[in-house]
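Single chain ahead, written as structure tokens, the form predicted on its own.
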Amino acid sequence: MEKILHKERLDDWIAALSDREILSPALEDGVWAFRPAGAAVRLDYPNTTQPPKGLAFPQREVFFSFEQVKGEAPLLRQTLPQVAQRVVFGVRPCDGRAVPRMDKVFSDHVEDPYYWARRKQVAYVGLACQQPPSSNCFCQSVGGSPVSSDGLDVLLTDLGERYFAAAVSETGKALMMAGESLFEAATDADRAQLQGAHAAALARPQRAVRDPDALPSKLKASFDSPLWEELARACIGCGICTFLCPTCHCFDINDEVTGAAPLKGKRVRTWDTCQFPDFTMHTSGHNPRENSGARLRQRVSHKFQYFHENFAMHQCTGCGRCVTGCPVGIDIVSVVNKVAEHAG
């Protein structure tokens, strides 16, 4: 389904979706973030500081509560999420491409009921990047595109006073049908304008990962290279690179005890990161990734080797947030290029 939506009718479309929670980029304290949109959606933003992954994979969630009276069997109460339908407007194509990657992670071997209880309730309305939203964008180097619709339900492309709206999924068609009278049929002239806009977007310069198809083998060949320690020397282990990443998904599970007699508490999942020094600490005290070089190697290899070996795609979507957000200037594009060059 391909339609034209005049920009002055965008808020009317939002009103037609009032039975769902609407989120869109909002500027709060100088930071762009996805927030409840109310009656108006803002699409005049560069990119959000954090991706929308937290809508399906929140930073903290309770699996179940427990209570045990001495001498009795423990009582468990599962807390599967009860989430209303949500529509997220303004999702960039790099974040859209993160969605199927996260779906694979939370479906491989075992389907994660907590993730999917939220994920099935979220629809993504994307916005094509006709200008790179960041100087650190490199989506085309990792198989993406600034006009990709992968992982989205609807892709909007700005045509000046109008949006070209393309439904990508049945969910997307339903969203557009909810405001059917607001849309106009797309003409051949509209499609020609769309193709011109997309061609111009694809021609915009981005940062480049050199020979990304060769990265899995070159990373494998560089596993024991001392270059990793050199590249990670400045790392302070803050983990911001992974917390801002749209596809990083490491987590920890802990029991938070709230009472001792009877024993009460909650089992909680929280984000974790392979960049924290104790992430792989064994109970014996041995740590297989005891230095920052080994931890950087793990993050980069997971993105460009291990995930590729398992699912035939890079896990990185080229959003560039980890580069922009790193307080010490560690740059994943520079890292993979140096490692690839080192491997020959």
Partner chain sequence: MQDNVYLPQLARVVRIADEVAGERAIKTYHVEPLDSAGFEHACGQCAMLSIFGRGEMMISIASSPLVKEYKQFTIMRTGRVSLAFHELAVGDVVGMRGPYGNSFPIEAWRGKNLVFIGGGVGLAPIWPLITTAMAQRGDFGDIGVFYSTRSSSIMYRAELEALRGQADVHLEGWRTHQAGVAAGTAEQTVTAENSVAVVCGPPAMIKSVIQNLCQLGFADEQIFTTLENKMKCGVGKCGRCNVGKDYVCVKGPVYSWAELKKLPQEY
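Positions refer to the first chain, counted from 1. The shown structure was predicted, so the numbers you read here are calculated from the model rather than taken from an experiment.
We do not show the form predicted together with the partner chain, though everything after this point is about it.
Student: Of these, 166 to 174, 199 to 207, 68 to 76, 129 to 137, which stretch puts a heavy atom within 4.5 angstroms of the partner chain in the model of the complex?
Tutor: Checking each option against the 4.5 Å cut-off leaves 68 to 76.
Student: So which of L55, A294, L43, L27 gets a non-hydrogen atom within 4.5 Å of the partner chain in the model of the complex?
Tutor: Checking each option against the partner chain in the model of the complex, the one that comes within 4.5 Å is A294.
Student: So the partner chain isn't shown here. In the model of the complex, which residue out of A189, A84, V257, A234 has a non-hydrogen atom within 4.5 Å of it?
Tutor: Looking at A189, A84, V257, A234 one by one, just V257 meets the 4.5 Å heavy-atom criterion.
Student: May I ask you to state whether K218 is within 4.5 Å of the partner chain in the model of the complex, using heavy atom distances?
Tutor: No, K218 stays farther than 4.5 Å from the partner chain in the model of the complex.
Student: Although the partner isn't part of this model, could you tell me whether A261 comes within 4.5 Å of the partner chain in the model of the complex, counting any heavy atom of the residue?
Tutor: No.
Student: So, P226 and the partner chain: in the model of the complex, are they within 4.5 Å at any heavy atom pair?
Tutor: Because no heavy atom of P226 falls inside 4.5 Å of the partner chain in the model of the complex, the answer is no.
Student: M313 near the partner chain in the model of the complex, any heavy atom under 4.5 Å?
Tutor: So M313 does not count as contacting the partner chain.
Student: Tell me whether W32, P100 and Q195, taken together, all sit within 4.5 Å of the partner chain in the model of the complex, counting heavy atoms only.
Tutor: No: no residue has a heavy atom within 4.5 Å of the partner.
Student: Quick one: which residues from 301 to 340 get a non-hydrogen atom within 4.5 Å of the partner chain in the model of the complex?
Tutor: H302, Y306, E309, N310, in sequence order.
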